[in-house]
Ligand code: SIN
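For reference, the chain that follows is the form predicted on its own, supplied as structure tokens.
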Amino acid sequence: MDASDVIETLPIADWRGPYDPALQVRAVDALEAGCVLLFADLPFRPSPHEVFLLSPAVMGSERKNISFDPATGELGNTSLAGIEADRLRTMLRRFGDAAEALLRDLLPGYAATVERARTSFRPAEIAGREYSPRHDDRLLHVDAFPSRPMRGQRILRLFSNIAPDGAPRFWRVGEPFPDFARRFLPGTGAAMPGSAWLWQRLGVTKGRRSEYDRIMLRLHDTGKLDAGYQAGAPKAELSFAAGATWLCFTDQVLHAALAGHCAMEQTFHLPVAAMTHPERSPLRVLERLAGHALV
């Protein structure tokens, strides 16, 4: 694989539209085909009184990122309090606002039904840290949520490299999702009767898992745990310069974050019905391979 096979570079340098209609069509087609949209000249700039936040010292020890819930204003996994926490909250909200404006103006077909989820800040360096294989995002994987059943909804994520020292962020991107699914779907097995009800009853999941959710979690885990696949699978190496922003469906694009620090991330959820090409969604791909409905 080559980086040119998976990257679609768009000449956008403003977080707000209007954007050319031809550019909008190009963006949605590439995105739904499983490409990464790159906005090489679209930086997110912290304000002068926010620069101190660009340090791993602002992060707590519970997880590998700081989270912000735009619905409640709650911050998760930060060491900050008081006015410093307020400044972090303001920066994350501003990034989420900019990401949402870009998404709605560039992809107007999504605007009516897209849901803005959590904002994330990853100030710590990826390289050199130790993780269990299931939690190691340096391994190729598709995103799936253990606690939040998506029931086919898409996971769309926008990233921005805001490293103050200019360090790039390195990714690896894998083969097309249908090829990955054909390889691993036979090993996903069958659900234990009543397990979805039990996980919901115990509070492990926020809602009941569909068969789609179970399969996506199994694909996430089995792909990461297959050392032979990780070593020999088709892959392309990507580098995102400081100041670059990029967007992709992370439930479709096999990806691994290899190195870098100070990255912002905004997650969106999108119904399959809002897609221009819903047949390209992981839900429809897996249903064709399985031969039956999964939701």
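Remember, predicted model here, so these are calculated numbers, not experimental data. Just count from 1 along the sequence shown to find any residue number.
A second form of this protein, the form predicted together with this ligand, is not displayed here; the remarks below concern that form.
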query: Glu211, heavy atom within 4.5 angstroms of this ligand in the model of the complex; finding: no
query: Residue contact check: Ala257 to this ligand in the model of the complex, 4.5 Å heavy atom; finding: yes
query: Any non-hydrogen atom of Arg157 within 4.5 angstroms of this ligand in the model of the complex; finding: yes
query: Trp171 within 4.5 Å of this ligand in the model of the complex, heavy atoms; finding: yes
query: Complete contact of Arg122, Asp137 and His141 with this ligand in the model of the complex (any heavy atom, 4.5 Å); finding: yes
query: Segment assignment from 107-115, 182-190, 72-80, 163-171: heavy atom within 4.5 Å of this ligand in the model of the complex; finding: 163-171
